[in-house]
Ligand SMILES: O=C(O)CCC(=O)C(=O)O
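A lone chain, given as structure tokens: the form predicted alone.
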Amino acid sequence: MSTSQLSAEIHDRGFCILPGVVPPDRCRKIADSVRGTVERLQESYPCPENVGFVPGLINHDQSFAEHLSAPSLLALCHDLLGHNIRITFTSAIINHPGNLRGDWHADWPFNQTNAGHVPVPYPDRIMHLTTLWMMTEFTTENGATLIVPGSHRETTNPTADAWDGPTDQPFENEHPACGPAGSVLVMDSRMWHATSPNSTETDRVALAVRYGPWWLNSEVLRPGSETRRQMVDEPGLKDNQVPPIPRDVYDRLPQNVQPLYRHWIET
């Protein structure tokens, strides 16, 4: 499909799946590397039972870095978000066997439990993209992320205080985002989605990489920033933390990937 066709899918349904962004042989190596990184750091990042999570993954593991600027993906980001795209999050998410179903939510900056959020009702505008990189195959059995097609057009989501619907129960129109290893699920960050149980005996390994426009203020995510002190620390609220990138890590990134992280270099 062309970039314009993929953009139309996201505008209409809220998501699309890009196949073959990472070659199969690279997927296996990256999945092994990410597993090792998560295992090494898991004590530092508490998360739900049988789920592995590491934020700021790029600081610890660059095995996947060369693919972050894949031409098909960046063309789609530019078409939807404009020029000077930035990566706002780079996380590892592993569904180990036996993990539980999660609650319905939308991602930052639309999750209403975060200090830094776009207040409801939302304007109908794509402001942030969430991408899930399938380093192992995503199937219904191993915990393919559940999405609600079209939910990106709603003016709220189940994290809002005024929400009176289910937060952890199935929706009739929920849809598992399945695909072969190397595929990338691209969705409007307003999309309602949830963790799905892994009923197999092997890990489902994914990268969660989020892309934003140059004008989206992500300083509330940066530990130690004045914005975070004002919005999170002083009022005693909570939000995600994205560690800045050390200069030596940034310098090792491929040249065509560096611009995506230039705004997040450690000072």
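Quick note: we count residues from 1 along the sequence shown, nothing fancier. Keep in mind that what you see is a predicted model, and the values were worked out from it rather than measured.
The same protein has a further form, the form predicted in complex with this ligand, not shown here; the description that follows concerns it.
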| property | result |
| --- | --- |
| 4.5 angstroms heavy atom contact with this ligand in the predicted complex for residue 76 | no |
| Interface membership of residue 210, this ligand in the predicted complex, 4.5 Å heavy atom rule | yes |
| This ligand contact in the predicted complex: residue 107, any heavy atom under 4.5 Å | yes |
| Heavy atom of residue 157 within 4.5 Å of this ligand in the predicted complex | no |
| Contact residue in the predicted complex, from 195, 112, 72, 139 (heavy atom within 4.5 Å of this ligand) | 195 |
| One residue of 90, 183, 151, 145 in contact with this ligand, assessed in the predicted complex (non-hydrogen atom, 4.5 angstroms) | 145 |
| Partner-proximal stretch of 113-121, 92-100, 168-176, 79-87 relative to this ligand in the predicted complex, 4.5 angstroms, heavy atom | 92-100 |
